[in-house]
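Only one chain is shown below, in structure tokens, and it's the form predicted alone.
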């Protein structure tokens, strides 16, 4: 009997690796940590079930059906199953490959496909286009239209996805990329030179958070270099199955940051950090492994960097606040960073950390998932916020823009009082003026 083809009924380009699928032993450890399985109790919506579907396609026993496509997009890619798996199976990554396959076997309609290509291939790779795309939203707020829409309850009559988009929109300011200096010198005794990877969402939606990141790095004794030519990290493209554009962006960012001759590459976006650390795998077909390896070795999340280099605490002011911490999936499961954020929080004088139950469970944002699967996303979020409420903490801390948007929306929807803070906002409260 001939051995099954590694591709089987997958298209050979960007097919999931057959060996990675075979690693699944069907032990079931993943079931207890999968949010979609917890909601549906449906085997095919579990990591084990999704791996079985991919294996059946790879072995030619199943066509790439709409059901396979739907399960690949229902997966949150929260990576919790990878953390729980004794064999290290990365079902989220397998599903990312399946999303690429979906574009081959079940492409979207022509208008939807054109919109998808414009966003992924033209808008996201262009910082200028991204900044221009936010102008209508900023005018919507500055002209008082948002206030009127929310005050009069008009938003309740918007279609589901549009209502969610309007609801998660925070107060917008000028994009940080346009304002941040390319070099911010170190304060006090210089400890090194870092490249700041300014993420798209952070620059556009949370500019003050990233401004605080640069301030903290400078205060901690590091020259901060922020290249204006930085491109999207590629995380949205991987999530939507556009690996070709993700590879192109990865090559640009690698060339850009290696030319800076910095000691480290620091980001305050968990999703960006996860994508940057996966460039080596994304570009495994390339011959330039040495340069890619050097790039990966420099990448640090801001909390990882501060914990590793040691925080200067002598000038920090007390912050009398109790907080609970939501762990972004791309930080705790994607990068394996659970301890460093807590080290940073505990280093801030006056702050009390109150651990919540299931702190490392997804909040339900997962990129575009929160807009495509509205009810599922809401149910996952309500479970998370129930644990937040149980802590009685004054504030909710996280470290990723998607989580920040989702949690802040949920807090407001449920009438909870806790503000949502990025971890650098919390640390920034302790810095000397």
Partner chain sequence: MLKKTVIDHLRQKVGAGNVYHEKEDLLVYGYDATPEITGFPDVAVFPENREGLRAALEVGREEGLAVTPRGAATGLSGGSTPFRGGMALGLTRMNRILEIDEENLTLTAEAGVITIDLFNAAAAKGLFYPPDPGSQNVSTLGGNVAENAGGLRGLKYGVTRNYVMALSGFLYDGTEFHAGNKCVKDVAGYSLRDLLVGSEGTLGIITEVTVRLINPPQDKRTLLAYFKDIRTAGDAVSKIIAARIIPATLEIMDRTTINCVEDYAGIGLPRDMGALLLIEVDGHPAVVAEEAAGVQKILEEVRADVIRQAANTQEALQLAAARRTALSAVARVSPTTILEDTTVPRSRLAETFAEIERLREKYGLRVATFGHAGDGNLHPTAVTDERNREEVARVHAFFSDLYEKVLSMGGTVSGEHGIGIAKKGYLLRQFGEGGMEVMRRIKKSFDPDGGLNPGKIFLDEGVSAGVKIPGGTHG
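Residue numbers count along the first chain shown, from 1. Quick caveat, the model's predicted, so the values are computed rather than measured.
There is also a form predicted together with its partner chain; it is not shown, and the following applies to it.
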Exercise. Would residue 394 sit within 4.5 Å of its partner chain in the predicted complex, counting heavy atoms only?
Worked result: no
Problem set entry | Exercise: residue 319 in contact with its partner chain in the predicted complex, heavy atom 4.5 Å | no
Exercise. According to a 4.5 angstroms non-hydrogen atom cut-off, is residue 43 in contact with its partner chain in the predicted complex?
Worked result: yes
Problem set entry | Proximity of residue 28 to its partner chain in the predicted complex, heavy atoms at 4.5 Å | yes
For this session: Choose from 386-394, 399-407, 47-55, 372-380 the stretch whose residues reach within 4.5 Å of its partner chain in the predicted complex, heavy atoms counted.
Result: 47-55
Exercise. Would you say all of 19, 23 and 86 touch its partner chain in the predicted complex, counting a heavy atom within 4.5 Å as a touch?
Worked result: yes
